[in-house]
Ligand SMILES: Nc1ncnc2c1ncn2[C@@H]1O[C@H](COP(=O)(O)OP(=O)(O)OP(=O)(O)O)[C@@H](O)[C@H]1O
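Encoded as C-alpha cells, the following chain is the form predicted on its own, with no partner shown.
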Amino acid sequence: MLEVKNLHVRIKSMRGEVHAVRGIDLFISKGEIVGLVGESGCGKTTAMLAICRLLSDNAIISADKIIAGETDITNPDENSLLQIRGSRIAYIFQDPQASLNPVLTIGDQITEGIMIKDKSLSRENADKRAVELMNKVKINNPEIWLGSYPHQLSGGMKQRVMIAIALSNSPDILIADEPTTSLDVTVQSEILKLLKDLNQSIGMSIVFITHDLSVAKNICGRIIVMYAGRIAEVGSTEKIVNCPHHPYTFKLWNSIPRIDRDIARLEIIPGNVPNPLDLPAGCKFHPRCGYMQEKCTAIEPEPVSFRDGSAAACYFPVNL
C-alpha cells in the first residue's frame, strides 16, 4: 500500500538547516497496523507529513521513491496530491481540538471532503453519508450532533469525529498521529479498539504514531522505532517487546511502568535527545548508550538483519 525509499526531510530555520529525517525506508502492506515509535523530536511525525506533502514551505523533501498504492508521488504535482489525499492516504492529527474548525458544524466538516471528491453529490446525501460515518465510529445519535460545534463535544467524541472525517473517502491507509495522547485511559482504550475494529472490518492499513511503546504493543502487528531522524530498529511487535536488539529499544521498553514485573525503580535513558542542529558523530545514540564502544563514535551503523526477521542499526546489539 505504501513504499518509501531513502526519504530525507530538511527544514530551514533561523539557526540553520535541520536534517529532521535522514534517509528512512519503510513499507506498509495491505491491512497491516504498523507502529512508528520514538521520543519527541525523533522525526516520526515529520516523515509522515512529508509523505503527504503537508509540511510548510521551509521543508525540503527528497526521496528515491514514494509510491502510494499504484500512484508514484516521489515528485508529485498538485493533481497527484489531490488523488491520494483523503482517498489513498488519510491523516488524523494529534489534537482534535486544534484540528477541528470551531466555527463550522460537525456535519459541515465531515461532508466537506466527501463533496469535494464527488461534486455531483447532494447535500442531503452527503449528510446521510456523514451519519453513516458517525455510526461507524460509534457516535450515538449522530443526527443530533450533525449541527453541533466542536466545543459541544467531549475529547473522545472530537477524536471520533476526526476519524470519521479521515474515513469519509474510504482511504487505503490511515495515518493516526498520537490519536490518544490527550485522552484519559478509558477513552484511549475505546479509540484503540475502534481503530482495530476498522482495520479488521474494512481492511484499512494503519500507521500508528506514538511515543508510548506500551500503547503500540496493544494495537500494532509490526513496530518501527526511530531515533534522531533514522530508523533504529524494525520488527514484529512480539520481537520488539520481548527481544529488542537495539539498546535504545531495550531501554525504551524497560523505562515504561508495567504490571507484569515487580521492580523498585524504573530504568531511565540517561542524557537527552541530541540537538538536531548538532548531532554527534557516529551512532547518534552512543552518548546515552551503556553498550557504546569506540567504533560507535566514528561511523553511523547501517541496519543489520537478524534471524528472527527484525533489523537494527547497531554494531553491538543486545538479546542475540
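Quick caveat: nothing in here was measured; it's all calculated off a predicted structure. Numbers follow the displayed sequence, beginning with 1.
If you look for the form predicted in complex with the ligand, you will not find it shown, but the lines that follow are about it.
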Exercise for the section: Tell me, yes or no, whether N58 is in contact with the ligand in the predicted complex, where a contact means a heavy atom of each within 4.5 Å. Expected result: yes
Practice task
Check whether K284 has any heavy atom within 4.5 Å of a heavy atom of the ligand in the predicted complex, and answer yes or no.
Solution key: no
Problem - Exercise: A68 in contact with the ligand in the predicted complex, heavy atom 4.5 Å - result: no
Exercise for the section: Answer with yes or no whether G35 is in contact with the ligand in the predicted complex, where contact means some heavy atom within 4.5 Å. Expected result: no
Practice task
Work out which of the listed stretches, 289-297, 26-34, 45-53, 248-256, brings a heavy atom within 4.5 angstroms of the ligand in the predicted complex.
Solution key: 45-53
Completion exercise
Within 80-105, the residues having any heavy atom within 4.5 Å of the ligand in the predicted complex are Q94
